[in-house]
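Given as structure tokens, the chain that follows is alone and in the form predicted alone.
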């Protein structure tokens, strides 16, 4: 009895040492701060007046001021409105591509564990094939084949960003397939679809959620990169890649705000997604550890 009590106290002390309460509170505070910053950027993109995107030649090339926070461009358009609209468009594009990519990763990762060694070998070979090609190169090729535009970017992100998450889901699904309750379900005649829906998806949902959030920074940056070289969104849309591409022609004349401020806003949005994903993973890991 004394030994059992000693082991319980030691286990509780170990958990508190690994995941102290202050650490979890700090992670939650950082997560909420990043989420608030991200919501401010999204709301700014929704609420800003699109009339500020109209051409006003008498207001062109103005530096940042209280009237124009990010200055104006060579056509007199308010850069703050253009940047916020561009970030909103990039987030929407990244969301569509990341969701499709996470769905592909979930299907392939679970199928690799459910359908035996032959299916596992094929899916593993396919994953290694996509991992052998840099994301940006593959994204450019897919976007070019699909004709560019938002459709090409979304398809490119969906087809190039799933391998790393699929490997993680496959490893977790393999462990679940070896669990006793899954083996009992199979002996009782449950179908593979039933096992995937009732046993695997509830356990894999936290990993999928964190993986989806962490896909956002890559999706947004790659969308901006492909648009920057002219294979992404059309020029008439206020995308961040288009803004940065157009600003390169005016940096030599001293209009630094055309590139610095849109680039800083893009990095802030990407960093906010990265912080949300990493701290969400830490909080989920601490909760999972406390259940042991």
Partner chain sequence: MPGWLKFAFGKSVRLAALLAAVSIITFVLISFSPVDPVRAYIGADMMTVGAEQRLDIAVYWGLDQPPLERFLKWVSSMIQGDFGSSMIYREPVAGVIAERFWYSLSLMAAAWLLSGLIGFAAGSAAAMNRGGWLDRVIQWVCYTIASTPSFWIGMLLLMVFAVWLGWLPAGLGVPAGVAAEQVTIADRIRHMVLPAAALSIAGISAVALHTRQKLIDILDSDFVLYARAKGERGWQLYRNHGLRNIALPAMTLQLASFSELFGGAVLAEQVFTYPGLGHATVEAGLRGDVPLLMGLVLFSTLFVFTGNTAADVLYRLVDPRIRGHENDSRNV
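None of these values were measured; they are calculated from a predicted model. Positions refer to the first chain, counted from 1.
Heads up, the form predicted in complex with the partner chain isn't pictured, but that's what we're talking about next.
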key: Contact stretch among 75-83, 112-120, 90-98, 145-153 - heavy atom within 4.5 Å of the partner chain in the predicted bound form   = 145-153
ask   = Heavy atom within 4.5 Å of the partner chain in the predicted bound form: which of 41, 259, 34, 62?
value = 259
remark   = Contact with the partner chain in the predicted bound form, heavy atom within 4.5 Å, among 131, 168, 103, 174 goes to 131
ask   = Just to confirm, residue 125 within 4.5 Å of the partner chain in the predicted bound form by heavy atoms?
value = yes
key: Contact label in the predicted bound form: residue 158 to the partner chain, heavy atom within 4.5 Å   = no
query = Closest heavy atom of residue 136 to the partner chain in the predicted bound form, within 4.5 Å or not?
reply = yes
query = Can you check whether residue 233 is within 4.5 Å of the partner chain in the predicted bound form, heavy atom basis?
reply = no
task = Can you tell me which bits of 191-228 touch the partner chain in the predicted bound form, meaning any heavy atom within 4.5 Å?
result = 221, 224, 225, 228
